[in-house]
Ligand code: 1QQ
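One chain comes next, on its own, written as structure tokens: the form predicted alone.
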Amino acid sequence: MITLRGRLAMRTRLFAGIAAVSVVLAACGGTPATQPSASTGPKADIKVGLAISLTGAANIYGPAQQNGARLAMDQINASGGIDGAKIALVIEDDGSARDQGITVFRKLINEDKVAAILGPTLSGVAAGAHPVAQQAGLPVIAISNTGVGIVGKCDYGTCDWIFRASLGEETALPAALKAAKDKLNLKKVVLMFESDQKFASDGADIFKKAAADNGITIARTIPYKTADVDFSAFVTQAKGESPDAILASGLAGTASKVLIEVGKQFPQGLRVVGSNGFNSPAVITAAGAAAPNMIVGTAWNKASTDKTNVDFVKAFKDKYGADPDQFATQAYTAMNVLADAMKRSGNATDKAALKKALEATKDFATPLGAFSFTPEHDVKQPVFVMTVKDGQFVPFN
């Protein structure tokens, strides 16, 4: 006869045996029937870093870039993400400062383990931050760095992990100056530039070469600083040369000050051929009645009837209650270009595969037009020369 104590002992040994079998199955890769397989769960998010200027001298551009990138992320995730995995933006403020940009890139790479980075906002910040990603072998898409030495023959040597989705000043400024020369018959100009900003100093050099190529004389060069407030003396110097136009390279904060002062001292009107820093509705608003004096080479025409652009403008306005600007559009485009490359790479977190897929980007439909990367990783896209009418950027023709 089996006693109660014996039956309890047998039951204990039976349960122990079942548990042991479960352990063996788990060790061998087996899964108990009552537990769900891990493979049926959701895929881990793919982290993408967004380093932008939410504070500092370039804080006019950062919020627009953030909105553009977020809209693209939401649309990508709503349509299935990257093979079922969602993109998760990790947003950091580079503070418009080189050292802060370096710190942000290190955090995104070493702590957040992002698959790629979009940014930073300024070329001067990129000169410090991009080498961090280059050393780590992490793909970066520059979304507003228009200065010299960002891709191709970089200022710091090899930069084969860096791509650019923003139209460089080497392309935009000569196009704008040639259009102005052809229509206005420019012969003599004055050059003004924000000397403590890398992209603006680069722009000044580009303007000098473009002027020489077009047979235009630069009668005087006038440097100024980001912190300068009163531009009356600078424009008075320019006025003393009786120029046919002013060439100006600087950020939005100083761009509007140049336009306002030109409006005061040249009430009959004088054209200002501006750099990429002028390409913001904030400049139009701040400059007011003087805004129509500007001529700019830009990466984007909001009025384009191309379906990709029309759909983007509508979606942006529906989400944020305002029209996008060039900086929002470039960030939106870069995120979509990155997502397309991730899908084609076969493994979005494989850095080498992602880099190779980015290099193969060709004629991808974006609000900027058909988008490709050159062998030097620079953007290949249409250039638009614009002016301002009724508070809006319109084609200069």
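Only a predicted model underlies this, so the values are computations on that prediction, with no experimental measurement involved. Residue numbers here begin at 1 and follow the sequence given.
Below, we turn to the form predicted in complex with (3S)-3-methyl-2-oxopentanoic acid (1QQ), even though it does not appear here.
Not one of Val337, Thr366 and Phe371 places a heavy atom within 4.5 Å of (3S)-3-methyl-2-oxopentanoic acid (1QQ) in the predicted complex.
By the criterion of a heavy atom within 4.5 Å, Phe199 is counted among the residues contacting (3S)-3-methyl-2-oxopentanoic acid (1QQ) in the predicted complex. The closest non-hydrogen atom of Val189 lies beyond 4.5 Å of (3S)-3-methyl-2-oxopentanoic acid (1QQ) in the predicted complex. When (3S)-3-methyl-2-oxopentanoic acid (1QQ) is considered in the predicted complex, Phe105 lies well away from it, no heavy atom lying within 4.5 Å. In the predicted complex, (3S)-3-methyl-2-oxopentanoic acid (1QQ) sits within 4.5 Å of a heavy atom of Asn145. Stretch 115-123 is the contacting one of 78-86, 314-322, 115-123, 295-303, since its residues have non-hydrogen atoms within 4.5 Å of (3S)-3-methyl-2-oxopentanoic acid (1QQ) in the predicted complex. Along 260-294, a non-hydrogen atom within 4.5 Å of (3S)-3-methyl-2-oxopentanoic acid (1QQ) in the predicted complex is carried by Asn276, Gly277, in order along the sequence.
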